[in-house]
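Just the one chain here, the form predicted on its own, laid out as structure tokens.
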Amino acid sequence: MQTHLADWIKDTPEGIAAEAILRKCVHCGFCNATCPTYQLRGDELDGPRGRIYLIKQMLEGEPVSARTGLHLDRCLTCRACETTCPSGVQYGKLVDIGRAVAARKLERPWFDRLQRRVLAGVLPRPWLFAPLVTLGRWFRWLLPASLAAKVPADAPAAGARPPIRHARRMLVLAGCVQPALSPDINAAAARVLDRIGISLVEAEGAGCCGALRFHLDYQADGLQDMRRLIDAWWPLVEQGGIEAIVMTASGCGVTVKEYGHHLAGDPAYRDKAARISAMTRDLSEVLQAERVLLERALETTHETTHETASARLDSRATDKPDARSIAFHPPCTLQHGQQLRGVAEGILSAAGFKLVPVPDAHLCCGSAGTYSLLQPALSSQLQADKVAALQSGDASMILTANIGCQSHLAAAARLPVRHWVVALDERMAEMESFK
């Protein structure tokens, strides 16, 4: 694609990056075939190719209209287009640049500004979000139906965490909303890793990864959140003994893995950010790398094969023959953002779960951070389609790898929706009962 960027951005880091990305696009349109919003609306401007043209026009100095802002807002940033693109167009980085320019040149309606300000002020602060969730549970009957559905009736019990007792140690991010909505996730991850000789450590003062505010038009605030998280982790990283940084929420994981990109222009944090990104692993990556240890932990003392152990468990659960039949939802941040497809699924299969085929597994569920609150109509359509696909087989539950997707799907599904490591932890505990 030929470009003629305007002088005000041409030689800036953003302009140089945008031009390199734009020049890779060959207009093929393959991206539209996997774009959720294009599939729903059939509008060229609600697909990646159309949005690329809108961004190109902005950067070439053409007037920025409210229509441009609308179509950029409708993008889920699911990055399915990146998986599909034969030319390797880094659409996610381009749309970040485009949204930053649009935010500077457009004045949002007052209610939109207020909504974004409230979300940016509340969600990244666990000390504020958690009590509001509790209030939401108490007064759910007063909330609008769409909001009440997003407030879980209660938080699952976390269970006991193992002590920090192993020489091998990894950092884990508590996250913003996850401790209030599903405290069992990190606790289950700690127990699973403890079984294979790894202790999970949380750094005091570690806050939001920065994704929430960054994607709400507060990019500078989001970058500051990233710096604060690096500051909280750095003493533990610098003194050594930390093998990796483990992410149990794929949305946070894809962001932290890109700290090196986001802070490349900051001399004070550039090197630290690159090291943090290099150390970051999704939980599925960690367990895949430790597959031998994990398989040993899955064995029982009385059986020599997983098949025999599984048969005993089957006979024990005759009242629920499909109890381990699951539908797995790979979040976009896992399968497209981090390009980790089939890893968690393989671990679950090795643990004895039966994975039910799910149609259109590449499509977004409509959660996409705060998208379900800011674009409720499109989000609800995607949610309904995804839930129908996940429940189209004989699964007994739905498993996923991101708290946002988990909460979004649970609001509409008739099956229980859980994080996959919670189900794995319970499975391993069940197998241990035969020892």
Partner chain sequence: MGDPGVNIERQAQVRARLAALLPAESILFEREDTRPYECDGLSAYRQQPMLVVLPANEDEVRAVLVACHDMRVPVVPRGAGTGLSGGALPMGDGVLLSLARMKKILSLDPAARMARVQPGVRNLAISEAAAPYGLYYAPDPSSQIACTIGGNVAENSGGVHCLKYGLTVHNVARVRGLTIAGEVVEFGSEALDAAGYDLLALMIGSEGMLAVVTEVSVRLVPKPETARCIMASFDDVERAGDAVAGIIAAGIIPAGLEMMDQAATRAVEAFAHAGYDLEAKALLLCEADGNPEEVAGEIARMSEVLQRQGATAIRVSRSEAERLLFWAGRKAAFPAVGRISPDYYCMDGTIPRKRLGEMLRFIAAMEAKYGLRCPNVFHAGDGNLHPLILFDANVPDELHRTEQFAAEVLEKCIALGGTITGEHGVGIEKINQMCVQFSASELALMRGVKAAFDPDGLLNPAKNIPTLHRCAEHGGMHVRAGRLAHPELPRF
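Remember, it's a predicted structure, so these values are computed and weren't measured experimentally. Residue numbers count along the first chain shown, from 1.
A second form of this protein, the form predicted together with its partner chain, is not displayed here; the remarks below concern that form.
S.K.: Could you tell me if all three of 174, 261 and 282 have a heavy atom no more than 4.5 Å from its partner chain in the predicted bound form?
M.R.: No, because 174, 261 and 282 lack any heavy atom that approaches its partner chain to within 4.5 Å in the predicted bound form.
S.K.: Within a 4.5 Å heavy atom cut-off, is residue 375 in contact with its partner chain in the predicted bound form?
M.R.: Contact with its partner chain, no.
S.K.: So, residue 394 and its partner chain: in the predicted bound form, are they within 4.5 Å at any heavy atom pair?
M.R.: No.
S.K.: Tell me, yes or no, whether residue 371 is in contact with its partner chain in the predicted bound form, where a contact means a heavy atom of each within 4.5 Å.
M.R.: Close contact is absent here: in the predicted bound form, residue 371 is far from its partner chain, nothing within 4.5 Å, heavy atoms only.
S.K.: With the cut-off set at 4.5 Å between non-hydrogen atoms, does residue 85 touch its partner chain in the predicted bound form?
M.R.: Contact check for residue 85: yes, within 4.5 Å of its partner chain in the predicted bound form.
S.K.: Tell me the stretch among 408-416, 20-28, 422-430, 7-15 that has any heavy atom within 4.5 angstroms of its partner chain in the predicted bound form.
M.R.: Looking at the other structure, the answer is 20-28.
S.K.: Could you pull out the residues of 33-55 that have any heavy atom within 4.5 Å of its partner chain in the predicted bound form?
M.R.: Those in contact are 33, 34, 38, 39, 41, 42, 43, 44, 45, 49, 50, 53, 54.
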